[in-house]
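Coming up is one lone chain in structure tokens, specifically the form predicted alone.
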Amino acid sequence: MKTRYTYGGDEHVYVEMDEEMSLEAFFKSLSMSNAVREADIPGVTEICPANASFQVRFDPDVTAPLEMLKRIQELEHTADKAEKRLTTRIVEVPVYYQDPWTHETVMRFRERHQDPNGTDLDYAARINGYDSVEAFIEAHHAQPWFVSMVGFVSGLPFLYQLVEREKQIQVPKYLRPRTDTPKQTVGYGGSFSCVYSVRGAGGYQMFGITPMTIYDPKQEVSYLRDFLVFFKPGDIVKWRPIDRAEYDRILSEVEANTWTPRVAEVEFNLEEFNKDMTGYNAKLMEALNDA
């Protein structure tokens, strides 16, 4: 990986670990952004980590741009030596695939899609070589996902599947963005799945919907009272397919503040994961059985 440093006007330095998304690039970005934070460089006002990059906002009257860039570059060796492991949590997220709400939206915007004659799931299954939508859905939920970034809109997680690169699902975004996406839609664009935290415009393919609230600015939802956003980078997600009856039940319990997501604390070690991805994922998912 060759790290690229660029300026974003007078007040930002953008640091890109790699042009391709990978867990190695994510961990280096995480380590470097933490190192910048710990260095407490005068003038730094904000550090924003992303999938395989991060951005630093600073006051150029306190530390000049050239000096800021130099100080950040000096920290790269720290990231190269950092252990690629973290204590995190695995979360089970229920998903109602092929639900009526995202289906209605899918069909309303077919003229903006690569394949106007089918659904988003039909298209995604076909271009990824699956014989059926059902087989594609199974591939989507069978293995866990890694939250590599939270953003775009408040609380929206970007999720990268923990599988071999040749098994990664790849789906392009819509040709033109939609003007509507149901709240809590489970979407897909490029190599990332996501959950739309609020209703609004979007361009990711739509596969289903979750009854689990992931963003609550009023902090009234029982499991969001400590913080308005549920996900954070480093979280691991296991999708669990549900039907309409279970969707309705969970949604009513969320609204009544009697439901909480199933969560377990786990250790994630990138080197061990790379040695045996299937076996390592099985151990991660086993942790949910006792949660």
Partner chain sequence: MTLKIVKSGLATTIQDMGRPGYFHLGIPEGGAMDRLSMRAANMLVGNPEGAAGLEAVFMGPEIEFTRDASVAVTGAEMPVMVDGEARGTWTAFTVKAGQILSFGFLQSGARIYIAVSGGITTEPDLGSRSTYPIGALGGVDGRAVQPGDELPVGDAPLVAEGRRVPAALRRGPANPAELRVLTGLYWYRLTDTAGQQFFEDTWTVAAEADRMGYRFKGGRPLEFVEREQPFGAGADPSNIVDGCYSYGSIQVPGGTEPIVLHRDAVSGGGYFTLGAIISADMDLIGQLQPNTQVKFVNVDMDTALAARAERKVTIQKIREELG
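Predicted model, so just to flag it, every value in this text is computed and none were measured. Residue numbers count along the first chain shown, from 1.
Although not depicted, the form predicted in complex with its partner chain is the subject of the following passage.
Undergrad: Its partner chain is absent from this chain, but in the predicted complex, do Y7, E19 and S191 each have a non-hydrogen atom within 4.5 Å of it?
TA: Contact check passed for all of Y7, E19 and S191.
Undergrad: Specify the contacting stretch among 234 to 242, 247 to 255, 47 to 55, 262 to 270, defined as having any heavy atom within 4.5 Å of its partner chain in the predicted complex.
TA: Heavy atoms within 4.5 Å of its partner chain in the predicted complex occur in 47 to 55.
Undergrad: Taking its partner chain as it sits in the predicted complex, is E11 in contact with it (heavy atom to heavy atom, 4.5 Å or less)?
TA: Yes, E11 lies within 4.5 Å of its partner chain in the predicted complex.
Undergrad: Could you confirm whether D61 comes within 4.5 Å of its partner chain in the predicted complex, counting heavy atoms only?
TA: Close contact exists here: in the predicted complex, D61 approaches its partner chain to within 4.5 Å, heavy atoms only.
Undergrad: Considering only heavy atoms, tell me if A35 and its partner chain come within 4.5 Å of each other in the predicted complex.
TA: A35: no, not in contact with its partner chain in the predicted complex.
Undergrad: State yes or no: in the predicted complex, is some non-hydrogen atom of L228 no more than 4.5 angstroms from a non-hydrogen atom of its partner chain?
TA: Residue-level check for L228: yes, a contact with its partner chain.
Undergrad: Of Y196, Y204, W145, F207, which one comes within 4.5 Å of its partner chain in the predicted complex, counting heavy atoms only?
TA: Only one option qualifies, and that one is Y204.
Undergrad: Just give me the single entry in Y215, Y130, F109, Y97 that has a non-hydrogen atom within 4.5 angstroms of its partner chain in the predicted complex.
TA: Partner contact (heavy atom, 4.5 Å) among the options: Y215.
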